[in-house]
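One chain follows as structure tokens, the form predicted alone.
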């Protein structure tokens, strides 16, 4: 039994754990990776013996402070770091919370972590929008390319196109170029005017953006703004992509298509929050994000949330939210009323960074008419091999009016990922608003694990 279970070892989870532990809270950090850091501070495997991992990272000094704080916690305060623990469910009862996690790479055994309180720092995942050829080998998500580079010190190919929309494309393109990949183009759906409209809220981002722009110039990466990928080409693997210019309404401008040869396409259209665990606990959502108060508390007593699950905003915002949550948790578990003055600077940063995040979200929307380029034979749900044509038929001919009905009629979203990958695409093709899909488990669970859980519950109930 511990005081606080922190689910997620990214910036938000680490900041919260250290803030709470420094005030006497016993903390268990539960994370699926083998090292702390999350996606933003993803570390290469120790066996790779990386000499300069800082070359692949932004805000390295901040990471060093977090890492050193975690490493020194054993001597000063109680932080237990549980690696390769894949959380699939969190249960609440009269005595607190039980975090259920599958162990190791095989994920066939489940363990339980008991805690008085829970912090959800579960991060986010990439929005995937299909287009003809997107299932070819050589097409990866932007975050996937970044994870390969940071975690495996490998590149996905020799010649790459980085495409989609959003600020993640910049570090991916510059990171690949610095690693020796020829980046043929950075294809960004947004245009300069989209950023200018939100210039006041993005003033603090100008130095960072200028740094990325300088690196793009240094590596001679061509920027194609207000462009999009309309097709990926190849038989057994990717050989090139066709890109085209977009008009002000987000439609492809006929006659602007051009072919770019490449063996890698890293594509992404922003991020979405991970809210599965919050939903199963009954936490209120605000649209697609977990709703929290000024202390980062959800409306479920004993449950806090911080980082991307409360709104996509980047590492700096996650650190501020995590610090506030950790201090609030420490006070609440002691039975005292928290003093917001103790985290005033973090709260000020949170307000500023949330405004910047909202501006970035508004400046980098997916192309409004992206689905116009999706042909009927394009796979949308890879798990169940459901095509765009099947989704359109469910809507136009069978009367489906929401994502759930489309799922029942086509099986889109019933596969291994449970709609996490194809959900936004199905919603867009169906003309429906993307809404959270409440799932009983946050990840696939072997039937044997569920059977053992049932047997244990039955024995407990009869004893």
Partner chain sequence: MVGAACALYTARAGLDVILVDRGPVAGGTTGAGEGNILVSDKEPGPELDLALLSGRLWGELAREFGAAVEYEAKGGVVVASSPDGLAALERFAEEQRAAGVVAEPVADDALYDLEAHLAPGLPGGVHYPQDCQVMPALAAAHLARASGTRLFTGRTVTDVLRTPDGAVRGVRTDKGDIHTPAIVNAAGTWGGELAALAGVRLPVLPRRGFVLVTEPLPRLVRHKVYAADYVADVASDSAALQTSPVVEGTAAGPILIGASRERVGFDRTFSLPVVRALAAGATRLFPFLADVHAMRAYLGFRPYLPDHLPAIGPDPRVPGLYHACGHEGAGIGLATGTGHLIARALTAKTPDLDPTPFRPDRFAEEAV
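Residue numbers count along the first chain shown, from 1. On a predicted model such as this, the values are computed, not experimentally measured, just so you know.
Note that the form predicted in complex with its partner chain isn't included here; everything after this is about it.
Q: Sort through 405, 34, 62, 435 and report the residue having a heavy atom within 4.5 Å of its partner chain in the predicted bound form.
A: By the 4.5 Å criterion, the partner-contacting residue is 405.
Q: So which of 160-168, 106-114, 355-363, 223-231 is the stretch with heavy atoms within 4.5 Å of its partner chain in the predicted bound form?
A: Among the listed stretches, the partner-contacting one is 106-114.
Q: Counting heavy atoms only and using a 4.5 Å cut-off, do 249, 288 and 299 all touch its partner chain in the predicted bound form?
A: Not one of the three qualifies.
Q: Is there a heavy atom of residue 424 no more than 4.5 Å from a heavy atom of its partner chain in the predicted bound form?
A: Close contact is absent here: in the predicted bound form, residue 424 is far from its partner chain, nothing within 4.5 Å, heavy atoms only.
Q: Hey, in the predicted bound form, does residue 343 get a heavy atom within 4.5 angstroms of its partner chain?
A: Although its partner chain is absent here, residue 343 would stay clear of it in the predicted bound form, with no heavy atoms inside 4.5 Å.
Q: Taking 4.5 angstroms as the cut-off for heavy atoms, does residue 397 touch its partner chain in the predicted bound form?
A: Flag for residue 397 set to yes.
Q: Please run the contact check for residue 28 against its partner chain in the predicted bound form: heavy atoms, 4.5 angstroms, yes or no?
A: No, residue 28 stays farther than 4.5 Å from its partner chain in the predicted bound form.
Q: Taking heavy atoms and a 4.5 Å limit, what residues of 407-423 are near its partner chain in the predicted bound form?
A: The stretch 407-423, when checked against its partner chain in the predicted bound form, contributes 407, 408, 409, 411, 414, 415, 416, 418 at the 4.5 Å heavy-atom cut-off.
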